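Before any questions on how it binds or moves, here is one chain, the form predicted alone, in structure tokens.
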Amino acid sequence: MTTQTAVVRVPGTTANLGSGFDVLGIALKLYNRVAVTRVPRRGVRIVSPISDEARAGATQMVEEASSAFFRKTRTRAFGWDVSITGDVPVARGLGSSTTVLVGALAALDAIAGTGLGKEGVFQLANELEGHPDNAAPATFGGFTASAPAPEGARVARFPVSSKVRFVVLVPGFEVRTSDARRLLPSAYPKADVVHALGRVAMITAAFASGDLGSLAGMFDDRVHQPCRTPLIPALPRVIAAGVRAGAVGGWLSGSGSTIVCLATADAEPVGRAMQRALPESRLHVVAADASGYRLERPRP
């Protein structure tokens, strides 16, 4: 059997954007590459270097992706190896697991010639993850708002100006999504729900219109960030430092631990201020990714 390889570049994402819990997301110019090679044996194997702890979760994820792909496409299953490389850190709230899932599904689609395309890859990734806030921007790029519907998740996508910068502060510690979700209450006061609805509407309208100046003050949240602050105690002071230095606003990225501020002017002072508030961290200043995942030519 002729070996076939597909390489997919997938952007990392920042999700929630304050009160847009499981709904809003943005693709970032911070990438992972997922290389899938068809092999003459059964099963899936991760062939890139990975810690033992991370391998267990990643192996389960790619095995579930494999089963779902072949079931959905009614294609005869084949074995494949997967290599994962890139700059999206694990368990930091930047959609690392989504890059692997979306990349693997897109690569399998390319190798098997099943014609899922971006819409099909997104819908399948959403079925597997259960919430589309990372899968939508990783697939389509830009700013996305997404919601479940009877026929599958719906996505509204809007471009993000290339002049906007996202100041991404990555702390030196992990926060697992499962741990962060356990901290959320089972019910919310009506006032907090109304507050969240207003914030999500205003944030979406700002990105849809391009009037990003109207985002000031709209990232304050009562849905998940206050509950998760015990896991990231520096969150309020990092965001406050970024805003004082000129950021429009900031938020906890996904379930953390990464904190993101949005800058429409000079991003360097924002980054310096954020890092002073949390010195043991790494800083990335990036633009939004406009296209979502992309199939690349395999390197010889």
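In case it trips you up, residue 1 is the first one in the sequence shown, and so on. Remember, it's a predicted structure, so these values are computed and weren't measured experimentally.
If you look for the form predicted in complex with ligand HSE, you will not find it shown, but the lines that follow are about it.
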*asked:* Among the candidate stretches 118-126, 138-146, 215-223, 173-181, which one is within 4.5 Å of ligand HSE in the predicted bound form when only heavy atoms are counted?
replied: 173-181
*Look up in the predicted bound form whether residue 19 has a non-hydrogen atom within 4.5 angstroms of ligand HSE, and give yes or no.*
no
*Going by a heavy atom distance of 4.5 Å, is residue 109 a contact of ligand HSE in the predicted bound form?*
no
*Classify residue 157 as contacting or not contacting ligand HSE in the predicted bound form by the rule of any non-hydrogen atom within 4.5 angstroms, answering yes or no.*
no
_Under a 4.5 Å heavy atom criterion, is residue 15 part of the interface with ligand HSE in the predicted bound form?_
yes
*Taking 29, 32 and 292 together, does each of them reach ligand HSE in the predicted bound form with some heavy atom inside 4.5 Å?*
no
*Hey, which residues along 232-264 are within 4.5 angstroms of ligand HSE in the predicted bound form, non-hydrogen atoms only?*
254, 255
